[in-house]
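The chain below stands alone, shown as structure tokens; this is the form predicted alone.
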Amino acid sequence: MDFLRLNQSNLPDIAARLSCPRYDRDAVKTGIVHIGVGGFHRSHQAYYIHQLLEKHKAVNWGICGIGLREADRKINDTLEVQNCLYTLLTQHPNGTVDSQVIGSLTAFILAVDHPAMAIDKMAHPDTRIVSLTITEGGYNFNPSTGEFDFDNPAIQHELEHPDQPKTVFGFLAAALQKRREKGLPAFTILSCDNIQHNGAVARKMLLAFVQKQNASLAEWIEMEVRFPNTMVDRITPVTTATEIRYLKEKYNIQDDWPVVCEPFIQWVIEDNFSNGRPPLEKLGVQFVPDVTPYEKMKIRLLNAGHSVLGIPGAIHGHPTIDACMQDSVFATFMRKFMDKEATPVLGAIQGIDLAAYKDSLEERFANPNIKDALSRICSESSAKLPKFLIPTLLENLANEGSIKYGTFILAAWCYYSDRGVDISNTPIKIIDERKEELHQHAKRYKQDNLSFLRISDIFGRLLEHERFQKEYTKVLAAIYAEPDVRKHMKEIGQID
């Protein structure tokens, strides 16, 4: 069977089958250059801009994507064939799927092949924002010190050869230098990564790099470039063959890389821009003076909630987050963690009903059509838990609050890192840069029941607290004696 290829010329025919852009894509100017075009960017920022173009004719805010890595070649090739169009599949809990073609991404540059073109695009007068989804690793800081990693060979190359950029820092510096030379205003650098104070992190890392490469440019950046902090949220699982097949079977359309997401979407942005911004408040985006309370809420509830389900869920043999939520013991345990340990250290958050927010998280996690694999949820736990879970434990230790739920998760993580199998002895897919280090510490449990916690840059000062030590050693011994984590969760949460 011949399928209708998703591209610009086929849009009139495709529009008869599903929602397509009604705006003139040729009339859209690139106001935003985005580095790191993955699934999340396409379900979140690009979706918001698509809505802005569709409903408010904001034609100065189209997006040009940039891929800095060889690994971006696949998305480049896909978007090239599809004229940067893709289908967004919004999966509702009741089984309905909203399918729409998104048109806000109007160009893509593979900087590996065309570095000068990427720099020129960022330096173009129309570009007013350069946004980022480069993952935590893209910010190139040493996780133990939080300082910029100058030992990175790519960074060393860029310091010696400013005209041959390889990383985001080399490209940003080159583009900002061009703007400075031409007398153009600086663009805003807008991080959309899921890290606390993402704008402040982007600023600190870029300035550290540029101060060594070009001190006078660093002074200009310090004065002229704004780095708003943001909080972003929309669960976006990895695209699978199922979504590609769905579009073929349902609509007879060939889209090589659609994106699947949940209905919920949120974006909170510090209102601090160098050179104007799109009117995203018309779509419900919150512009606030300080993003910190919203970041903390999301990280301590949503992100920590994922780990609270995911680590014991993997040991129990649950494959996905929604499978965990279908298990009443897991669902109840997570809600008790949120209510008894996370919420007491959050405080009031303007415009947010925390009880309703937690209710919405339960509904989102339970969505049976968002098959978010626990291997993804638990990936890089060594980077996640020091931010998502351990600060809650430390605050509750300081406040004499409950610690039993969070402590159980850390003990379960030790067992998970040591044994690497579920209760039926099936290997767990563990994705973590520090997997071997975690395993080596965890497996010494019998000689030293606190061995796992002695990775100081992960666990910080937890070992200084006798109350935590007692709770941890008690629950760790129980898990090793009986790996039925579900049974222990019932006992800890007093769940029937």
Ligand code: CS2
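Under this definition, the rigid core comprises the largest set of C-alpha atoms superposing within 1.5 Å between the forms. Quick caveat, the model's predicted, so the values are computed rather than measured. Residue positions are given as counts along the sequence shown, with the first one as 1.
Form predicted in complex with D-mannonic acid: not shown, discussed below.
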### Query
Exactly one stretch in 335-343, 230-238, 161-169, 285-293 has heavy atoms within 4.5 Å of D-mannonic acid in the model of the complex; which is it?
230-238
### Message
Between N275, N83, Q213, N303, only one gets a heavy atom within 4.5 angstroms of D-mannonic acid in the model of the complex; which residue is that?
### Response
N303
### Query
Just one of Y416, Y139, F209, F388 has a heavy atom within 4.5 angstroms of D-mannonic acid in the model of the complex, so which one?
F388
### Task
Find out whether any non-hydrogen atom of R376 is located within 4.5 angstroms of D-mannonic acid in the model of the complex, and reply yes or no.
yes
### Query
Any chance K384 has a heavy atom within 4.5 Å of D-mannonic acid in the model of the complex?
yes
### Query
Can F40 be called a contact residue for D-mannonic acid in the model of the complex at 4.5 Å between heavy atoms?
yes
### Task
Although D-mannonic acid is absent from this view, report whether K298 comes within 4.5 Å of it in the model of the complex, heavy atoms only.
yes
### Per-residue C-alpha change between this form and the one not shown, T87, threshold 2 Å, rigid core fit
no
### Rigid core superposition, S381 Cα moves 2 angstroms or more between this form and the one not shown
yes
